[in-house]
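The chain that follows stands alone, in the form predicted on its own, written as structure tokens.
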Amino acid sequence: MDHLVTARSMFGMTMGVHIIFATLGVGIPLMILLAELLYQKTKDTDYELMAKRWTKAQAILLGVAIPTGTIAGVQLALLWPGFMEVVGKVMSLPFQIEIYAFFIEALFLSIYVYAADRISRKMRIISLILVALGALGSAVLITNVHAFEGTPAGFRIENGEIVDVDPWAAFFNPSFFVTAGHVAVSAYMTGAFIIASIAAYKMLRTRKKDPRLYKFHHKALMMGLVVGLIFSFLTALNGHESAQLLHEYQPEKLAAAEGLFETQSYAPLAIGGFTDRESQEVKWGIEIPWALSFLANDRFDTVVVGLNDFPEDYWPPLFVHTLFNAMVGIGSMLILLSMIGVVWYKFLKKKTFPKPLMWAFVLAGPLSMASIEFGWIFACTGRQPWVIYRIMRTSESVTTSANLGFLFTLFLLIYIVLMAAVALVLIYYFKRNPLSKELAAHAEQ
């Protein structure tokens, strides 16, 4: 790999690992809060036990999110000094506020973990609300830097100098609210489907062995499916707003996402296939007439700008069409899957699910996380060749330090060991603290 690709790959790998823990760090606290609220409302101790067990997992995940986030911050400074010079003068505000958001999350998670049985019900709810808000605030503030990269605001570069700096204008850049919304709803969706996946897997294993465990996991599954349905639908709505934002501010990114080369009204939406640069078409794709124009601005006659209207060195890599399709395809499937599950149980009053549907629920969590990864890669790769859109190229920002290949290999090994360690710790903890034992202890209280 050349120097730039190595630098991008190393930082992309770090973010690809960190985003797993960051996403679950936002999504799981909401599930814990909802379980606690259900317990307070119904007095069903199963929900109290769900909240406690999920909190233990959240504490482990947070313990890993901290070092991976720290590594990402260090790599930003070391790999992209040109970008960080701009960020330091214009966009440091969210980094500074994020420290307080993380502090709130960590403090009140500690209170809930160690003192849940010794504080009032009201304080338990307040603690979890602050954990959820702190986690969300931390994620939104950091992701706002990414929003700034796509829609920079609050400064100008004149004769190579940064002038007219307005930190609040940079903070509330044009894509801030849409990006923040997407981070929130997609993380909540993923947290819900991860819970549903684990519950479905446990149900398949305990169906004939232990009806009590099966009943517990069934409650967790339905909770995950209902929350997942709500937030997967909201993610789709937010995705529509994101496409309109691209149409207005990053038109070549939207054109690359859909493999559109010629500017046109009544533009078709291409589903599937791959973009062929030579023939300038999406091969093997399915076209929905007029749909892209409607997606771009809620009108079928909207003119969507094609790639040929831009210099070719402004084009993002054309494989972003595949990433975009994977993200949207998984999201659509999750809406359908959760809808089937909710209708099957709530409206058709079926007490059990068919085995193929149960295995589909098991896959829902990993697929939702995959959609997060696809979306992140699409967002960053689709902005190329810019690190700050139309202001600074990625190649202008990269470090001149050598031997990045060695560091890439070193970090790859670190992340392999880290991911394996997290999996082993989670497995070890829950094997040492089996659900059956905790259910029996609750029954005796």
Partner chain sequence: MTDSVIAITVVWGFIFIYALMGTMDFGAGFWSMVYINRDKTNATNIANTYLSPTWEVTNVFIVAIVVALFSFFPGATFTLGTVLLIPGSIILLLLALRSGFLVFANYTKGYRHQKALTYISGISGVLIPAFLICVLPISQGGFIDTIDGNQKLNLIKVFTSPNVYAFIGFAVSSSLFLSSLLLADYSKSSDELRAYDIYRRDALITGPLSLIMAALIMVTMRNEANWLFSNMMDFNWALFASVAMFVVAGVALIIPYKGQKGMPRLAVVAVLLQYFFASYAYGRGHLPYIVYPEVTIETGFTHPNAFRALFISYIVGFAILFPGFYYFWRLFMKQNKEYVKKKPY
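Everything quoted here is computed from the prediction, not taken from an experiment. Numbering follows the first chain given and starts at 1.
Here the subject shifts to the form predicted in complex with its partner chain, a form of this protein not shown in this document.
Across the options 22 to 30, 373 to 381, 413 to 421, 35 to 43, residues that bring heavy atoms within 4.5 Å of its partner chain in the predicted complex belong to 413 to 421.
Using a 4.5 Å cut-off to its partner chain in the predicted complex, not one of M13, M222 and V304 places a heavy atom inside that distance.
At a distance threshold of 4.5 angstroms between non-hydrogen atoms, F102 is in contact with its partner chain in the predicted complex. Using a 4.5 Å cutoff between non-hydrogen atoms, F108 counts as a contact of its partner chain in the predicted complex. Within 4.5 Å of some heavy atom of its partner chain in the predicted complex lies at least one heavy atom of Q96. Interface residue remark: A360 is not counted as part of the site for its partner chain in the predicted complex, having no heavy atom within 4.5 Å. Exactly one listed residue, out of Q280, T263, S92, Q244, brings a non-hydrogen atom to within 4.5 Å of its partner chain in the predicted complex: S92. Contact with its partner chain in the predicted complex, judged by any heavy atom within 4.5 Å, is made by just one of I71, I194, L229, L136: I71. Contacts to its partner chain in the predicted complex (heavy atom within 4.5 Å) from stretch 108 to 127: F108, L109, S110, I111, V113, Y114, A115, D117, R118, I119, M123.
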